[in-house]
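Only one chain is given next, in structure tokens, and it is the form predicted on its own.
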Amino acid sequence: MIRFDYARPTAVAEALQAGAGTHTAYLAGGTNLVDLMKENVARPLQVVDINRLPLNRIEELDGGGLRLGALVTNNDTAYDSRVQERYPLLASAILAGASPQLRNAATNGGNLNQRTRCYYFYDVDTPCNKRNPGEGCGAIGGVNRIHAILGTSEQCIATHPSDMCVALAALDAQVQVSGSAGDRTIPFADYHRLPGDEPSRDNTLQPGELVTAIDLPEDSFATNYTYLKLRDRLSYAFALVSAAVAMRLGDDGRIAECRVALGGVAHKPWRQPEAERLLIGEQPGESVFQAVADAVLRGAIGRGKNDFKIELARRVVVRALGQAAARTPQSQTDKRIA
């Protein structure tokens, strides 16, 4: 770990001023950043501790919806009665995402901005375009069992590790951001990036910008939903493949609306609106679920050791759609698949 300057502002404006320079990092829960600094993956010259900022509340929005402060912990979010009642998909995804100890420290804003858990990204002795642009991607042709099958490039095949973000993608959340140019709102679908030719950029934040809140829309999908996560072990582990499904059935039992977001398969939570539209007006059933799974996975590419993820993801989509339609969401305490 290198030497760095440290600031602890008490107002958003002060934090933005302190974070305006290059090689600056914002510190919230620190459950990812501190690890990266210890491993010399992240080497900020200025660390801005934002824990004294007034961003630790969950508030009602005019016209419905909730605003989740960026500094509210994952646990406080998951166990908030309003989130559990109106956005159980989000609560379920958070509880699937980490150990209680981590959830008690990790923040909502930090969860959005956590870095990949790619082996090569964390090992400074191996090539990684995300860590050092131009070095190459060690995972392509290397050990890539946990890596992406969708939206990849020849520069990077890393995955985004968040569970919370998969649910937020399905809920069409919005990210509130402050920066030197003022405040702006980023639709969740536009927040994270695919690697393309710039895999070192995980999201669309501008330098020095700070996430202040996440807005949940009034549309909550509190009845027909599920968060299904498959991993190597049932205790704390990152997803091999996960799926968040938010569904609404009409009075005739047909699907009126449905959103499907995948985790563990791409550089960002993965949605295919064209595939989701195949469900509209259909009776829930295996055949239409299979067609949607095929459409979601169209273009998927395995790199050898992660080839199995393509079929696994297809089965996860079908199973998750079935759970949501039947109102039998996956339990995050009894983790046997429903």
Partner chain sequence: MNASTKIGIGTPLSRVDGVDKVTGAAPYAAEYNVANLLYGVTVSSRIAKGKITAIDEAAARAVPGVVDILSHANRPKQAWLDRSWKDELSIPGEPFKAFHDAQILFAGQPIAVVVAETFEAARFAASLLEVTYEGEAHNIDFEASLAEKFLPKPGSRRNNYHPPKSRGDAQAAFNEAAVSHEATYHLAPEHHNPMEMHATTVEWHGDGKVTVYDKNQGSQGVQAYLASAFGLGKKNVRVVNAYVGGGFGSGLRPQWQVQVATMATIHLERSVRVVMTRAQMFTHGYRPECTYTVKLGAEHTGKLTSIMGDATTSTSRFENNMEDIVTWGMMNYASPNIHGEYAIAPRDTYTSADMRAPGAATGMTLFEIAIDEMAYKAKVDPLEFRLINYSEVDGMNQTPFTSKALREAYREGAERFDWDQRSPEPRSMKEGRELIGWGVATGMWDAQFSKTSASAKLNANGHLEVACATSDIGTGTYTVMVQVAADTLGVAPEQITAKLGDSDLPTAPVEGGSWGAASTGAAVQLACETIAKKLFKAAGKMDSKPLGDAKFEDVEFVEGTIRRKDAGGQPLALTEVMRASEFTVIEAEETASPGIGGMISMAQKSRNTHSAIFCEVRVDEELNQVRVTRIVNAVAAGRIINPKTARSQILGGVTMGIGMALHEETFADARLGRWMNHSFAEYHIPAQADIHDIEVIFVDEPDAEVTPLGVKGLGEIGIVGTAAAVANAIYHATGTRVRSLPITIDKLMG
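Positions refer to the first chain, counted from 1. Here the structure is a predicted model, which means the values were calculated and not measured.
There is also a form predicted together with its partner chain; it is not shown, and the following applies to it.
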The listed residue (Gly151, Pro127, Pro133, Gly179) that reaches within 4.5 Å of its partner chain in the predicted bound form by any heavy atom is Pro127
Using a 4.5 Å heavy atom cut-off, which residue among Arg145, Arg82, Arg248, Arg193 comes into contact with its partner chain in the predicted bound form?
Arg145
Flag Arg298 as yes or no: does it have a non-hydrogen atom within 4.5 angstroms of any non-hydrogen atom of its partner chain in the predicted bound form?
no
Does Leu278 reach its partner chain in the predicted bound form if we count a contact as any heavy atom within 4.5 Å?
no
Going by a heavy atom distance of 4.5 Å, is Gly141 a contact of its partner chain in the predicted bound form?
yes
4.5 Å heavy atom contact, Val316 to its partner chain in the predicted bound form:
yes
So which stretch, 65-73, 268-276, 306-314, 46-54, is the one near its partner chain in the predicted bound form (non-hydrogen atoms, 4.5 Å)?
306-314
Just give me the residues of 320-338, first to last, that have a heavy atom within 4.5 Å of its partner chain in the predicted bound form.
Asp334, Lys335, Arg336, Ile337
